[in-house]
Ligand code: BDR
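Next up: a single chain in structure tokens, the form predicted on its own.
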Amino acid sequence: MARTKLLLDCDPGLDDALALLLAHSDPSLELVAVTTVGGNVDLASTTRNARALREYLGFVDVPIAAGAAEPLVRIAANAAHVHGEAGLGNVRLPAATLPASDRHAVDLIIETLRAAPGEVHLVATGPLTNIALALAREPRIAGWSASFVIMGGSFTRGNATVAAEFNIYADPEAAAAVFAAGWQVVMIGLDLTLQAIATPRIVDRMRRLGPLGADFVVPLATFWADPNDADWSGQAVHDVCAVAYIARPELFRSRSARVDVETQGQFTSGMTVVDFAASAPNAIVPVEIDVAGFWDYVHDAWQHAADGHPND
């Protein structure tokens, strides 16, 4: 049976690392390329992390290309206070020996989609700068991608600000261009991802993955706790949801919507304005996830990785 091809544009990042683990470990998926963008931490760090993850997790034949270090027009923001200064919390991986590609991420995105139109699913789990630049250079990628899924936005409240989720807030001009590109964007937003929480019960299940669980999955999934949330029940695995959607869309209940991105508001810059009643929708917005089914799927895929991991 043919595997589903996936190109992941990311900014590792705690949950990006877990998303990469899922993209590599699910036997039904084929990770064909990874591109990096400045976001959770700076571009040098996200690219270093992606390269280290490639060797630690074992997808050594997958090309990695670095992309945009800065937003299209704004000063770069980061989320190092959430992900740790190096981006992977307390996890320290061996330094990578394999280099990144000498191609720019935008070139790799365009070349990968051009080479197999309709076959590669594009997933973006960081700021959308690389995707906007790729669209500006080659608008046909909107038709070449089998689907386009992002982790970003929300239809209620944000996390970078009251109004805006971080990935959209970090480059709202890029996000606005991406949503206006004439394709259907699947927006995996905070309202959905905050249902995918690594609760103490889920963390105990992660520990049963052996050394991969103890040394990698659990530290990444438990590094951050919200000091302002008195009802904190665990860290969300935001980006994992975007990869899971490619493999198991039946786990999600979704609604069509028109999504526009606010770029000018003094208090709302980066807000995704979601109209579920729009007559001309441009997005699919998952609103509910089968939580038990999601964690069963993720655990089974990660167990597959743990069974073959060299440290196990």
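Computed from a predicted structure; not experimentally measured. Residues carry their position along the shown sequence, with the first being 1.
From this point on, the text means the form predicted together with the ligand, which you will not see here.
- With the partner omitted from this view, the residue of L133, I141, V218, L190 that lies near the ligand in the predicted bound form is L190 [heavy atom within 4.5 Å].
- Residue in contact with the ligand in the predicted bound form (any heavy atom within 4.5 Å), chosen from F179, F155, F166, F148: F166.
- Exactly one of the stretches 113-121, 69-77, 237-245, 204-212 approaches the ligand in the predicted bound form with heavy atoms within 4.5 Å, and it is 237-245.
- Though the partner is left out of this view, N40 does reach within 4.5 Å of the ligand in the predicted bound form, counting heavy atoms only.
- The partner is not shown here, but in the predicted bound form the stretch 1-26 reaches within 4.5 angstroms of the ligand through a heavy atom at D11, D15, D16.
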